[in-house]
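This document contains two forms of one protein chain, each encoded as structure tokens and listed individually as structure 1 and structure 2.
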Structure 1
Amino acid sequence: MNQSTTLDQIPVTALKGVGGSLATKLAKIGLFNLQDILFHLPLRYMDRTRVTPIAALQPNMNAVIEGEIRGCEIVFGKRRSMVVRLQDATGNITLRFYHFNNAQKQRLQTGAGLRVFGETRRGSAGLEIYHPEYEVLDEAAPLPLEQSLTPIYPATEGLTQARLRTLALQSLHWLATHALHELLPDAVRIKLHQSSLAEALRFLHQPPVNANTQLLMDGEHPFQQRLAFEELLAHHLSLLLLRRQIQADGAVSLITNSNLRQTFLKNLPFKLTKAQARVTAEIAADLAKPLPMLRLIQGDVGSGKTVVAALATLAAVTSGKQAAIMAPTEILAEQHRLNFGRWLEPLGIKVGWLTGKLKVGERRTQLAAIASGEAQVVIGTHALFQDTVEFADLGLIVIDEQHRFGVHQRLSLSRKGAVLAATSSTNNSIHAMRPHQLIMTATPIPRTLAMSAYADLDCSVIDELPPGRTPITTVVISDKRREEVIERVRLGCAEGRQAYWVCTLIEESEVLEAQAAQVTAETLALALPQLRIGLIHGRLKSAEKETIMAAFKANELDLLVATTVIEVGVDVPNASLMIIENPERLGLAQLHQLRGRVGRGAIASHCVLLYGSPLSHHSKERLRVMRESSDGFYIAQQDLQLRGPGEVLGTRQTGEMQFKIADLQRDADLLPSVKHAASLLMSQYPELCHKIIERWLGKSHVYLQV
């Protein structure tokens, strides 16, 4: 074996048939060297090692079949197609080609033997295979079957499966003579009874005929698990190194003035729950350290995270620092501005405000107050972190509903915060300081996901609702019974209660949503002339939204027709009925958030999910979960099973946390071992950490540089 050159040092152009053009295509999917190709693992496999009798075929099944052509003709239906009838000793099947030429028709003569591979589908006259791969059989020279399962690789335009298989096969030949470093220490591998890396890669690129096909298809084969473990470890290490990198810079200790804290608590119209008090103490202990706090607060809808964040801002202000609170939407930022203003301004603390929709003059005033330090607590949307915003001395960042920003933004905020802190003083010793970070979510995250996606954060859970809250009864009703639902709203409002009517649209368009909500409001006004009806949507100006919400909170409106802009942060204890139209269009987390706008007082509350028919299987499952449970963590777990980790974490669009072979849900049992191995590597084998990250995350791990 050539130990001097390792596979990660050999470029793809060393492979036969790879020139500059193909190398460019490979680079597009992150394949630069032979190690990259070996770690470009199959998504799934096809079994071409055996012939399946036609009678044994099932719909949506990939299979190899052999038979005799019993007929071939051109059929003129909606689309012109060539139809071939193939028969073996057990039955017959139709092969259909929409794209064909005369040469093909000449080869597919009645009486010829054919070997076919493809996926079966239901057709009008039984099973069909569209555009199968096929070979005409020659009795004098029988065709050998494949000797291993056929891998299907992640591909891109201009890269065929056949080409990727050839490159993987060539790379396996190089593996026989060149080194591939084992990066997991023997102490870890032996304890976990893991195979060698080379053995696992050979098997997964060319599974033998006798391989356990079901385990491979399910991603649960020991060789797949061996690689999934290392990939999960790479992601975990990348976040731990991020944490270490952030904390290496240090932070200013923030300690609350006890008298101010007592006054704050005394002015509240409620007492903190035990859970709130516990989490507040955990935050205070973090803030007192000369290390940047990195803490995630999870709390179900209505558990009282905002007041916990307000107590954290007191520590920043009384230590002479500024605090920034970032919310994902204008309406939630406005809600925070009202709450923080009500709590902090009586204490002499100036609350600033910055969103993208401020007028030029108002924005200039706010920017000046932030830059001078006059604004001690600054609330806003992502506009807070634009280049033009300069803080005088930023000591704490609070990010609300972090999943709405995506993982990448969460990671980049630390860097941005450090830059902002660095501009705050000419004192060189402050340049290295970072703001403390407090991250909040009302979308409970299953423990397995939290262990993976938030390995850089300490987690606190507010697992208790304030006293006096009543459970919400959820019912699922077809929109064919809309008149009954409207009558229910009339009766509820006649008793002095208030209600929400939420309109949803598939299109991600504020204009269309606003139009739909407008039409709904007009229709309900005709049906319920005795009610005071308000309308709120994303197209309204901030002042208009604020006026409408204030009127609703003051019980000057009976019914609020809204789009999903009211998903988070709106608190009206007298609102006890919520109608959600077309709930099948929303994910579980969003439905749970919307439902959380009622049940915030002592009144028995109801949520009506007014669905449109017909419902898909997934939609039925989502609505069943909502009807059966109001436990945010249970709902999050179900959401994970129905939609997958990327959707639940808000990372689907950002491209992060995308795995080659691991699956956070399937491989959850590996995570405790991954966590232990990561701790061991960080403390005893630090030189291996970056190599493991580089191997699995490649160039993409630069997003972790802060």
Structure 2
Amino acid sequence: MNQSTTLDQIPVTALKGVGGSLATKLAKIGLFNLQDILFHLPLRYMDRTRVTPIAALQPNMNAVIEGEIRGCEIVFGKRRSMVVRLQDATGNITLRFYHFNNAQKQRLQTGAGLRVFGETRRGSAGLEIYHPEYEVLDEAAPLPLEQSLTPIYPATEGLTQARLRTLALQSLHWLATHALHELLPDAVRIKLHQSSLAEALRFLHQPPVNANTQLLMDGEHPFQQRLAFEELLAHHLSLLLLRRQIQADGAVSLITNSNLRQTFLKNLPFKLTKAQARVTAEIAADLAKPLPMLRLIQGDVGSGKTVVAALATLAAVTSGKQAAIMAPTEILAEQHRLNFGRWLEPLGIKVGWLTGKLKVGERRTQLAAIASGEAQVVIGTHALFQDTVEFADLGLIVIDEQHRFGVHQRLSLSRKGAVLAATSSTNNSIHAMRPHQLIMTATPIPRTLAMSAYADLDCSVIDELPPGRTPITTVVISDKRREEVIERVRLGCAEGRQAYWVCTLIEESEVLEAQAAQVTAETLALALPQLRIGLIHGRLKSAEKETIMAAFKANELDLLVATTVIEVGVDVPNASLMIIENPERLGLAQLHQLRGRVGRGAIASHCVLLYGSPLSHHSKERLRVMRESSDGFYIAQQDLQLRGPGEVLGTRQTGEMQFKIADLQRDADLLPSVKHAASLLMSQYPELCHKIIERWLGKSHVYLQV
């Protein structure tokens, strides 16, 4: 192979010991060539460079120890195990093996010297190590210790650490004679004082003897940061490219008729807050452009996002286009239907309606109105995006209360939008047209996280609540004091207030959750015979849900026992007390959402977090955050610290935004320069963008279909 061949052109089979079957295994985890191997970076390191005295061991420590065997016996406990006592000059420790054979026992003779490597844990009688790696020491031939930290690679089935290590070391040899593309332009590297790529890779796969162990273990070493930067850059670029691809299609410019807007505003029973007015103007500016808007509105619970969305739909209507509003639940869609109907119909705008639970005849009527364009604004649930729905001319999609959305979800919506627009578009221009997109969320994302996770979206923040709200007081109470809480509900309702009692379950089962709520409703009915109690859960027919919600809104019910179906958007200003059972089971963002159902009127509101005791330390911390703050941004920031970005973004399960070396939280300080470098690359080095993405995210990412 000639010297000008670069490592990305050399297949893994060039390495010693890599045949067809190993190559297949490597391909499964996206490792095809030597560059891929070198970018399969250690997740962490183990320190096998020194022997730790037994007395200095702590629980959950990975350590090398050396000592003399003081005894070895088979113990018949719950499970048969072989137990070895090991002693050094400072103390002793138990080694425990559940899988062992006779030959092993023979070699572990009392008096023999042993070097052991493993993780300590607390056992019933002091520290133990389960299944350590061990070597019998021979005084005549002392074993060398490792010279440098041992890298630990991401675990993969069928590939041992030892195997991954030798592959990496072999690839490093090739690195001495073959080039690796440096993809960061000098302008970026020099400005950031970045080391060369080869140097960083060599260091990380084989840390030298004098490396700063602590920095490496913490992922803060400059070489790690250098690669983390490039990885974050790759993610950022992929989102920017996505945006560019979407915006390569045009959109129809939408401009609101100002008389229509004036009338709309005049009819409202309130004045827009400054924040609402600002965000409305930002949206209007986007809609006026012939490019599809991609905008995310973050606004805390109760900040008044609905009216902002309604104002956006006026632009579509003025321009003879349709707007679709998608809500996550039937209850919320229903509520939007009422609000939009009340706001838009007096202006002569026809509001259509589509959910999965419509009767056949009604559905047919609605579909016809949507297809003919008679329905100018259409409210609905996910049903709006089914194949059978045809819009006459869709110009704007609003997605409300979107809490968890990774890139894939966003993409699939955008794709559906494009398809909808394509089936609807009557114009014959060559350019594909996409509807504008507005995404609204009440789950604020901390700024740095938003910057990298939503680089493809423009963000607006409604950072102000309408005037006249009184803050919610939150208390955390053990369910041992349930009686007192019930009494509190009685007193509150006696004063003419209304209350929610929310039942939660861990199982994602509507059936079980409904049952639990049913039981609670019955118990509360016995305890509070004077109250009018309603029950609402996901198993009810949508007409039943509507009836109950309407009765609660009309103050014909005092107490609404509910499951988390009321989590988002439900708006009943007279409800001022909420009890949440087992709040420790829910995420902070979800609790914040639920709690946001109260505190919507002028009356002082209360939220009781009725936990099942005993609470773990972690749960206590989380509930403390809820008690101390009602600021969605602060809560999100805490949630991020307690649960990590994957959970907060809702992307952990989907495996999205998983990094090889970067950590969104630890490396947050890199994000501003990542952002800066990304726009520089997009404008001046477009050919490098694809290469960086491909190196870090794989080929498939470069050619995402949007």
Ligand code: ADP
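Counting starts at 1 with the first residue of structure 1 and goes up one by one along its sequence. Note that the rigid core is defined as the largest set of C-alphas that superpose within 1.5 Å between two forms. Because the structure is a prediction, the values reported are computed rather than measured.
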Could you point me to the form predicted alone, 1 or 2? 1
Relative to the superposed rigid core, does the CA atom of His382 travel 2 Å or more between the two structures? yes
Core-aligned C-alpha movement of Met578 between the two structures reaching 2 Å: no
If the two forms are fitted on the core, does Leu201 show a Cα displacement reaching 2 angstroms between the two structures? no
Where the core is superposed, what shift in Å does the CA of Glu345 undergo between the two structures? 2.5
